Ligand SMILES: O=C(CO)[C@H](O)[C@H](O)COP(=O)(O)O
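We begin with a single chain expressed as structure tokens, specifically the form predicted alone.
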Amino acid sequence: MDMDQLKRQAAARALEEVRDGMQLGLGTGSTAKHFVELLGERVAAGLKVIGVPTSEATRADAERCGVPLTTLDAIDHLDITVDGADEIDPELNLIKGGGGALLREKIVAAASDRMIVIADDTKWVPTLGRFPLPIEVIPFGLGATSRAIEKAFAECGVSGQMAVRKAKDGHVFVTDGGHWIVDARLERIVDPASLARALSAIPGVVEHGLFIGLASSAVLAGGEGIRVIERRKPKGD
């Protein structure tokens, strides 16, 4: 079974949690795209839901698949957000943002009663950090922001090379919000919660890809089937 089939299996399992009348957060990335496509099939068959997309790419996918959309300005909460992840640790802390949508993804996840993470089982890791940590930044004053990020790394016992993300055309990658992303190759983040707090306190850092305490459950698809891991503590603790 190839990786794409595994991703679709995880998306199909998450779809089983969706009920008529739900308000859904729609994630971004290759795995989340499978969820949107499968959701569109259910909508065509009569399921009544409404979704909030986490990126312009997901908005386009949802419209193509016939999924009705709204915004967080028009509704007061979401029942479930279904999204992928670049890494998932045993506490269900995540690294996200490989696709560049981390800011909107985190806003939507935080507005949700539950966040279900869907992935193939290669994303399950004992410790976060092998995947480069995305940090969304304001272009203005990037030198000062980068120095503050390096100081935060040192205080949290991590280090690694940082680079401004480039798009496929070689120009600087620009997020849907008009920001840049710095990718930090840290290899091993022993205390992700402390690093998340330190990064959030830096002027110039808009958001970072550490999702701490947001995921309620993870659906992992692998060669031996589907595995569902529930978070040990309720969201918000």
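All values derive from a computational prediction rather than experimental measurement. Residues carry their position along the shown sequence, with the first being 1.
Note that the form predicted in complex with the named molecule isn't included here; everything after this is about it.
Peer 1: Would residue 175 sit within 4.5 Å of the named molecule in the model of the complex, counting heavy atoms only?
Peer 2: Looking in the model of the complex, residue contacts with the named molecule do not include residue 175, since no heavy atom lies within 4.5 Å.
Peer 1: Find out whether any non-hydrogen atom of residue 136 is located within 4.5 angstroms of the named molecule in the model of the complex, and reply yes or no.
Peer 2: Residue-level check for residue 136: no, no contact with the named molecule.
Peer 1: Is residue 101 near the named molecule? Define near as a heavy atom within 4.5 Å, in the model of the complex.
Peer 2: Because a heavy atom of residue 101 falls inside 4.5 Å of the named molecule in the model of the complex, the answer is yes.
Peer 1: Can any non-hydrogen atom of residue 30 be found within 4.5 angstroms of the named molecule in the model of the complex?
Peer 2: Residue-level check for residue 30: yes, a contact with the named molecule.
Peer 1: Determine which one of 106-114, 152-160, 80-88, 136-144 lies within 4.5 Å of the named molecule in the model of the complex, judging by heavy atom distances; exactly one does.
Peer 2: Single hit among the candidates: 80-88.
Peer 1: Does anything in 214-228 come within 4.5 Å of the named molecule in the model of the complex by heavy atoms, and if so which residues, in order?
Peer 2: Residues within 4.5 Å: none in this stretch.
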